[in-house]
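Just one chain follows, in the form predicted alone, and it is written as C-alpha cells.
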Amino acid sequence: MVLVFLSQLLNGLLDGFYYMLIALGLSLIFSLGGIVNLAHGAFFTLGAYLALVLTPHIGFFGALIVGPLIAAVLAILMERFLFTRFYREDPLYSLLLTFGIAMIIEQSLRWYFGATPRAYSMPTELRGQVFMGDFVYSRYRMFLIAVAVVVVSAVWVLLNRTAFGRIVRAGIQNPDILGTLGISLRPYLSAVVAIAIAIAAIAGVLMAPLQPIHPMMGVEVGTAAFVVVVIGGLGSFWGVVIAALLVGLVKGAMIGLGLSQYSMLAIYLLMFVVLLLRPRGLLGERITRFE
C-alpha cells in the first residue's frame, strides 16, 4: 500500500515536471515582453502531433530534437509578425491574440488529423520497469523526469551563467536602461519566445506515449501551467520550480489516496490558499526579476 502511494506521488511529481516545462516558458515570455501566451498549451499539443508524424521517419529520439526545433521556427515567425505589435501593451490585447492563435492551431490539427484520439507507441528502448528493492517504477517515466531536470537546469544555466541570460534578466528588470546602452531587445525577445515554445513542444513529445493524442490535450496542461505560474509568482524561476513540484505532489497524493476525481480541485484550492496568504505568489517579491 505504501509503495503504491509512493508510486502515485512519483507520478504526480512527473506531472509537476512537465507543468514546470510549460510554466517556465509562460513566465519568461510574460516577464520580458508582457505577453500572456494562451497558445502555450496548443504548442504542447503540436509537439505531441509532431512526435506522431516524425517518429516513423527519424525515430522517437530524432522527433524529440526535430519536433521542438520546428515549433521554435514557428514561434520565431509568430513573434516577428504578431507579438511585436503587442509588447508592453495592455496584456488584454495579447491575451486575445494568443487565444486566437491557440484556436487556429487546435482547429488546424482537428482538420488534418481528425478529433479521434491517436495512440503513440512507447519507444522500445525505454519500455520496461526499473527495480529499486521492492519499489518498481516505469523506465520511461524515469527517463521523462531525467530529461525535464536536464532542460530546466539548462534554462537556469542559460539565464544565470551566460551573457545572453544577463541581458535577458536586465531586460526584464529595466528595458529602458538597455535601450540607453544601445542594446536592442528585439533579437533576445525572438530567442526567448523560441526557447519557451520549444520547451513546451519538448513536453508534448515526452508526454505523447503516456496519453492519447488529440487536439484539445493542451487545454488542461495549459491551465495547470498558469496555476503554477500564479502560485510561484510571475517572473520567478525558483517560484515556478517550487510551485510545479508542489502542484505535482498534491495531485499525486490525491490520486494515491483514491481521490483522483478531486485532484484538480485540490490544485485550485492550493492556489487559493497561496494567494490568500501571499497575493504575489510564493516568491512574488521578485516579480520584476527572473533569477
Partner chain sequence: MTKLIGRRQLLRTGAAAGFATLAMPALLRAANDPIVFGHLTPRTGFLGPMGEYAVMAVDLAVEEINAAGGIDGRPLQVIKEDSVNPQTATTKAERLVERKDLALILGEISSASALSIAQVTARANKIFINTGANSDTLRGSDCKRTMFHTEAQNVMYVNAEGQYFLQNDLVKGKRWFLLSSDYAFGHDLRKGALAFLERHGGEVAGDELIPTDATDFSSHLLTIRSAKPDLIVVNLAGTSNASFLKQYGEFGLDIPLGGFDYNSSIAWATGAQDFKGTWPCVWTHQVQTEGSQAFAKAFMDKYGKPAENQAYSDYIAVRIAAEAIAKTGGTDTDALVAYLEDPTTEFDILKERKGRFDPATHQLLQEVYAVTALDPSEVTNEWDIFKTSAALPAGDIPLEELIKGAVGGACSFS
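Numbering follows the first chain given and starts at 1. Keep in mind the model is a prediction, meaning the values are calculated, not measured. Superpose the two forms; the largest set of C-alphas matching within 1.5 Å is the rigid core.
The discussion below concerns the form predicted together with its partner chain, not included here.
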F135, heavy atom within 4.5 angstroms of its partner chain in the predicted complex: yes
L26: touches its partner chain in the predicted complex, heavy atom cutoff 4.5 angstroms: no
In the predicted complex, G222 touching its partner chain (heavy atom, 4.5 Å): no
Close approach of V2 to its partner chain in the predicted complex, 4.5 Å, heavy atom: no
Answer range among 28 to 36, 234 to 242, 53 to 61, 249 to 257 for contact with its partner chain, defined in the predicted complex as heavy atoms within 4.5 Å: 249 to 257
Listed residue (I101, A191, M122, A170) with a non-hydrogen atom within 4.5 angstroms of its partner chain in the predicted complex: M122
Sole residue of N174, S153, T84, Q129 within 4.5 Å of its partner chain in the predicted complex, by heavy atom: Q129
Sequence-ordered list of residues in 60 to 92 near its partner chain in the predicted complex, where near means a heavy atom within 4.5 Å: none
Flag for L275, CA shift 2 Å or larger between this form and the one not shown after aligning core: no
Displaced residue check between this form and the one not shown: G182, CA, 2 Å or over, core reference: no
F135: Cα shift of 2 Å or greater between this form and the one not shown (core-aligned): yes
